[in-house]
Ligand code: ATP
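This document opens with one chain alone, in structure tokens, the form predicted alone.
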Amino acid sequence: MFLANVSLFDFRNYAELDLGLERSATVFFGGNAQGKTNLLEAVALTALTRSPRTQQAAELVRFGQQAARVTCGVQTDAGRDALEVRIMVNPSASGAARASRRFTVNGIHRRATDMMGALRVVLFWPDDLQLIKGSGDGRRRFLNTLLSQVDAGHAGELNRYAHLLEQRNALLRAIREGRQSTDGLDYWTTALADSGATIMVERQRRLLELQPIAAAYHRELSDDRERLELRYRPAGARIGEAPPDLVSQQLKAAMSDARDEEIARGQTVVGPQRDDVEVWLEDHEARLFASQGQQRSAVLSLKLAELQYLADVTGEQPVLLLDDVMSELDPARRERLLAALQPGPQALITAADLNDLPRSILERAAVFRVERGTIHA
């Protein structure tokens, strides 16, 4: 699998773009706010169906326009597919812009979950360097992205869970405000617990498979001085090797125990939306005790493991998107990341300055300058 071309129309600061890409590495350089990250965001949007930078789809449409389009040509052994995302702005009565998204493959409409896996990517943004130290949201997103690209069914289950959670939370708020009785709560509790259990069991299984890969990369980065361990911390259940039905029972019991708190808060307080992935170095949790250098080594280990895991499980290399991270890494960590590209996946790399990139990349990469939403060879 490789990304053969990207076409943009009224996306962010791009009025129009049609760009062919190489199978190996492509470098985009230029000043801030010129469109480098926007280009990588467009690819990520197509692959993951959501922007990694904003939850407001209307922000993706060029200022003053009503619609945007992203098309990615993906070449596989079976042929070439055109993956397209259209974003349409729909002004509301309040004046706030809302946007809808429409997905197609070769002109045929697809649901968002059906797009997952058609183009697999591994993202590495500067914000990812806070993956260890930051909140559990980022680590859950890391795991959700990995699992959804391996199995589109998991992406569908995440969407189903999100819908059920929204419905149950709405009922909890209505009960708190005296607009509804508790009679209907058991139905939503059971449905949410069953879906949540499916997600949590799969997260545990995949994390156990990812663990030795990440640990091996970290041993190399630390010169065999540190042992990295990933621990899944589910909220409201003890997973272990428990089957989904047992985990579902645990979640229902936890929700029952927390019913008064949930009604008071108007939200569900247990389940996969509150799970976390703990990263441990030796006998210490990295989030609490790791130095900045140790955190960056751990993040790089996770990203390299994600890259290898996707390739191992699917049999195809994902596309690596590196957004101005080379300048954030010291020489040793930069060299380890570069080693993964020789030979390795197709990579789209951005940099403010070509001096931030080693000559070994520039000698074999196609290089483009980005200026005001225009790409120059």
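Counting begins at 1, following the sequence as shown. Small disclaimer: the values here were computed from a predicted structure and weren't measured.
From this point on, the text means the form predicted together with adenosine-5'-triphosphate, which you will not see here.
Novice: If the criterion is a non-hydrogen atom within 4.5 angstroms, does every one of R206, Q211 and V313 touch adenosine-5'-triphosphate in the predicted bound form?
Specialist: Negative, none of the three is within 4.5 Å.
Novice: Though only this chain appears here, would A44 touch adenosine-5'-triphosphate in the predicted bound form if you measure heavy atom gaps against 4.5 Å?
Specialist: Result no; A44 lies far from adenosine-5'-triphosphate in the predicted bound form.
Novice: Contact between P345 and adenosine-5'-triphosphate in the predicted bound form at 4.5 Å, heavy atoms?
Specialist: Looking in the predicted bound form, residue contacts with adenosine-5'-triphosphate do not include P345, since no heavy atom lies within 4.5 Å.
Novice: Heavy atoms within 4.5 Å of adenosine-5'-triphosphate in the predicted bound form: does A33 have any?
Specialist: Answer yes; at least one heavy atom of A33 falls within 4.5 Å of adenosine-5'-triphosphate in the predicted bound form.
Novice: Can you work out whether E59 and adenosine-5'-triphosphate are in contact in the predicted bound form, taking contact to mean some heavy atom pair no more than 4.5 Å apart?
Specialist: Because a heavy atom of E59 falls inside 4.5 Å of adenosine-5'-triphosphate in the predicted bound form, the answer is yes.
Novice: Taking 4.5 Å between heavy atoms as the contact cutoff, choose which of T49, Q317, N38, Q66 touches adenosine-5'-triphosphate in the predicted bound form.
Specialist: Selected residue: N38.
Novice: Under the 4.5 Å heavy atom criterion, name the residues of 1 to 22 that approach adenosine-5'-triphosphate in the predicted bound form, in sequence order.
Specialist: In sequence order, R12, N13 come within 4.5 Å of the partner.
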